[in-house]
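Let us start with two forms of the same protein chain, each given on its own as structure tokens and named structure 1 and structure 2.
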Structure 1
Amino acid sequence: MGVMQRIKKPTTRRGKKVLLSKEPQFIEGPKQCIFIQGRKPSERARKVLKDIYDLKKPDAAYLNRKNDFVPFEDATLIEKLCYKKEAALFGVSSHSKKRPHNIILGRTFNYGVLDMIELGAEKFKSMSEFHNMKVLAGLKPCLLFNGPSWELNHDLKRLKSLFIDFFHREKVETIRLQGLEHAFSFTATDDGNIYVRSYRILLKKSGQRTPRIELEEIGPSIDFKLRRTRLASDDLLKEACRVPRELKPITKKNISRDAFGSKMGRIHMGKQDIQRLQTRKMKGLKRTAEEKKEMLLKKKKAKKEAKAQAQ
């Protein structure tokens, strides 16, 4: 006889609050990320992952323990750690003779691996090698994708979406010019090279209202080479990107705009009695005493005629 699995309901208010926080939300905050050490990571791969972690903070966790596993062969460890840490993104560093200085970036959906992309760090210059002022942790960066390959190549198009997920933070409605302090530049070539550069945005005096913009490289500077990919199917990706019904904009009927941008609407109203329509009250439109007497006499006369006809 099989063992019946029971659903244990929370009995305390704190337990209910924990379960509600784990449920899907209509408006999600910044995605959490975990960075894991894989099989025998090299010093360069470890530093690359550490710099990405520094840029992702405070929405990230760095695990120092080395794990003897290959994500493309068995991803159960990643799924287990993502479930434990409530993380939707992950990064793994490893090193081998066939794939030196290896970096694997990926994301999960419903605690299962959705996408995994393997990159090789051919050249690297860490943030500590740039001796200048850095940006504060937790800033929302400006992402720049250079080159037509981001839209023409299917793998690079999915990698672009992955980079946006990694460095996307709170959703903002308006942008303040002084709030733009950090910029990321991703340049893709036709042969699969990706050049990642990080800049600090400086606002200089220009003698006008709009300041002069200068970029100062603060690191890291990474030259990636695209290697293996394991991408989700179109149906699974569509399910992962589905927008809840509550967040979809409600279409308003009978509303249009003219050539000048003015909003025009059509209103449906019932039949109105113009005789009983209340207009603006003013002394000049008031009835005199004689007019009121005539109205009373007409009403009395109409009542008498109605009684005579009824008899």
Structure 2
Amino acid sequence: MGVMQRIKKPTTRRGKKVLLSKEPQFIEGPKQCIFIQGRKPSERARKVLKDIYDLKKPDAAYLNRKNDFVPFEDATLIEKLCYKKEAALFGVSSHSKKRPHNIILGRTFNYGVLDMIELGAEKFKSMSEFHNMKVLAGLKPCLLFNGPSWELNHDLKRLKSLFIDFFHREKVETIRLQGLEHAFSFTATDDGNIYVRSYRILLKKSGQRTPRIELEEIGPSIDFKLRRTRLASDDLLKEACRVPRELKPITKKNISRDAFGSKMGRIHMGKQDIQRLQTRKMKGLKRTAEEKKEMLLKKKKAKKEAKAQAQ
């Protein structure tokens, strides 16, 4: 619903601006994220969320209030908060005897929950426990997914997409080579364990142009266990993943490249008119001065005759 298609018009110019900024765009910016605390979250669960918040920082908000709610039973609060904060990603921390150190990560589409995946933080070492230099805030990290399970398990497949959505930050055209500082590794085993590690990339000399990579762990290091999931139906996901026609690349016709990489073009020519073709001028075919005079006389005669006839 556009701003001008609202029944009630915005009363102030500022209000109209706010509404316009909330309208869907063809090219969307980085997704905003909110972190919510559930009922009595454990110290560990809270810290996990805080560390993820620290890594996501410019595009995230940490809501300090505890909320007595169960996202898997009733997600209205999440939808409401996501609407309020204009966020498309959310994380919830909670703790119970049945599900200790519970972390729920998810995303929304059009202010409705799209995916929601529950993870148990079985082991956790926070960023502050690693005493070393951290990476700059707001860097685009390298994401590495290890293990065949990411492809085989349907839930993990979706979780992979969710992790990329969470951490890839933003689509960029160019990247500074020295800014490739942060590597996130997600390793999944067959029994549903997910090991999340975060490293700082050190570029060492290799004697060649490409540097030798060394890693230094900066935290957080989390061992997740996959719990309940609530995934979007394929239809909804397809709708959400739709690429607008305006953004699709336009294919140019009749242009191809051969094996050597040179550009080939096919051109369609019209029919050539041979009658009007300019051929080589030759002196021998030219009219002489006498011939020209004769032609002029003939013309004059014809004109005179025509005049006489007309009278």
Partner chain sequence: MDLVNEILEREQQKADKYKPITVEKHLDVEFDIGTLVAFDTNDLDSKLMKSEKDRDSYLESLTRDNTQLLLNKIWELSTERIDEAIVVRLPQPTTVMPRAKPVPKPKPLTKWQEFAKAKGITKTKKSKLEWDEQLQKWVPLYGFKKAAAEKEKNWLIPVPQNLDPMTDMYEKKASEKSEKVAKNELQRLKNIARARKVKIPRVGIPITSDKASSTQLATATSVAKASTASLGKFQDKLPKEKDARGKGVHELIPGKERKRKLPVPTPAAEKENNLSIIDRILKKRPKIDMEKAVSKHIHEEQVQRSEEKRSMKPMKGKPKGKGNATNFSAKKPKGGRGQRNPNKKNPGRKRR
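Model, not experiment: these values are computed from the prediction. Take the two forms, superpose them, and find the largest set of C-alpha atoms that agree within 1.5 Å; that set is the rigid core. Residue numbering: sequential along structure 1, first residue numbered 1.
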| item | value |
| --- | --- |
| Structure corresponding to the form predicted together with the partner chain | 2 |
| Large Cα move at Met282 between the two structures, threshold 2 Å, rigid core | yes |
| His154 C-alpha moves between the two structures by 2 Å or more, core aligned | no |
| Post core alignment: Met269 C-alpha displaced by 2 Å or more between the two structures | yes |
| Core-referenced Cα shift (Å), Arg14, between the two structures | 3.5 |
